[in-house]
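So this one's two forms of a single chain, laid out as structure tokens and tagged structure 1 and structure 2.
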Structure 1
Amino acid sequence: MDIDILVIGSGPAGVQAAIHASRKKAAVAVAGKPSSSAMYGTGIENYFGTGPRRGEDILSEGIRQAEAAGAVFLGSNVISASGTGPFVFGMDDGSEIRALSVIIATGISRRKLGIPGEKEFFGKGVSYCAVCDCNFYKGKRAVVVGNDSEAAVSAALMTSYAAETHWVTWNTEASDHLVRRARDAGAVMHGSKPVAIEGAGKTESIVLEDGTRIITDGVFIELGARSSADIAMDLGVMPQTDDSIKVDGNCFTGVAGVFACGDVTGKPWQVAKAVGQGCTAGMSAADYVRGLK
């Protein structure tokens, strides 16, 4: 698919960006799942012009607005990005998107397993970024935990480094394409939920709900789609130390054609800020694309 702008993220920032970019007559596609937004499933009480409402209801209305303006919602996640404009994006359903500009609106990862040992062994064998830490596990044993596309991609990745790779996925949401890739690469799949990470001073094993104990040197917890930091680096944008992306008043990242908005740009993590930046990013990206034509 060839488009003008790819918006990565379908939360409030991404949807608002799609609305404004589409209304400026840019061809816009939106990647990601609304259910992955931090707004989904939460109550919203402090957003201008609304009383207490469910976040998913506001998102649904916003998506209808964006679609009416011409935006296309893909429902798939970005797993790779390259190029300097046009940019090329690999999707978790095996398709490829080419875009003149990109808006990163992925939000931030706040999801943890919440099991014993996760906090205690963070940095001692527990990691939330396989791409960042894979080199430390050459010839060792690794377990990837998660159900979505990032876990599938990470499981396949770790087979190139670790001597033994296990993928713990109890409610798989990754596409069949990515599941096959991980399995064909040699990842051993387990269909039971993790209940504890154990060790003495460092990670030594992970215990599953069905009683299975997997001996391992590292546990990579990947509970969502590809992180904003990973995507940003693929596009030549260097995240800050807290993985946020620095932008100027036009939501420009400093890399031609790349914009960012919402929680990914740092605090405050509020819907009002996400929507405001989404408006700015959408118009800035549309103006950038118009300047190329």
Structure 2
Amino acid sequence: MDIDILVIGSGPAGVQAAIHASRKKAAVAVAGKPSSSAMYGTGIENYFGTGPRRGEDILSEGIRQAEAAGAVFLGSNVISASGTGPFVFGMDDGSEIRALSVIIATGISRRKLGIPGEKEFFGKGVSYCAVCDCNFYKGKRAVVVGNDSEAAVSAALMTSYAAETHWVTWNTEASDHLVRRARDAGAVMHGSKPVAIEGAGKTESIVLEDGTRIITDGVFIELGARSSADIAMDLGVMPQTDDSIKVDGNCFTGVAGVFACGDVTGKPWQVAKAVGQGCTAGMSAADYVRGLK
């Protein structure tokens, strides 16, 4: 699929960016799942002119507006990004998207599980980056934890290093395409939620809600989709150490064609700021694309 602008993230920043870019006649597609937005499932009471309302209601109305303006919501996640314009994105359903410009509106992601043993064994078998640490698990046992595309990709990757790879996924949101890839690669799937990581001095096992105990050397916690920091680096943008992406007043990242808006650009993490930046990023990207043609 060839488009002008790919917006990564379908929370308030991404949706507002899609509305403004589409109204400026750019061909816009939006990646990500609205249910992954921090706004989904919360109430909003501090947004201009809007009484207490459910976040998901405002979000669905925003998505309808963006669709009416011409934006296409893909519902799939980005798993890889490359190129310097056009940018090429690999999606979790196996498809590929080529875009002249990209708006990173991925928000801030929850990376921690919050279970006993997770903090204690960080660096002693617990890792949040399978790509970084897979090499230390050659011939060992590994467990990947997570429900979405990043966990599926990591599980498939670990099978090339570990002697035994397990994938704990209790509410799978990864695409069938990626689940099949992980399973075909040899990852053993477990459908129960993790409750504790145990060991003496280092990780030795992970315990699941259904009572299963998996003996392992490593636990790779990979929640959500590919992180904004990884996508940014794929595109040549260096994030800050807190994973936020620095932008100027036009929501420009410093790399031609790459813009960012919303929580991913740093605090305040507020809907009002997200939509304000979304508007700016959408217009900046549309202007950029127009300048290329």
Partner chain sequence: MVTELNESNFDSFVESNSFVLIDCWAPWCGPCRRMGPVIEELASDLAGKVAVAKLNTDENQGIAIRFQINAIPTLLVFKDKVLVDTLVGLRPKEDIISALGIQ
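Note that the rigid core is defined as the largest set of C-alphas that superpose within 1.5 Å between two forms. Every residue number counts along structure 1's sequence, beginning with 1. As the structure is a computational prediction, the values presented were derived from the model and not from experiment.
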Legend entry - Structure corresponding to the form predicted together with the partner chain: 2
Legend entry - Core superposition between the two structures, C-alpha change of Leu100 at least 2 Å: no
Inset, instruction - Look at Gly146 and decide if its Cα position differs by 2 Å or more between the two structures after superposing on the rigid core. - result: no
Inset, instruction - Take the rigid core as the frame of reference and indicate whether the C-alpha of Cys129 shifts by 2 Å or more between the two structures. - result: yes
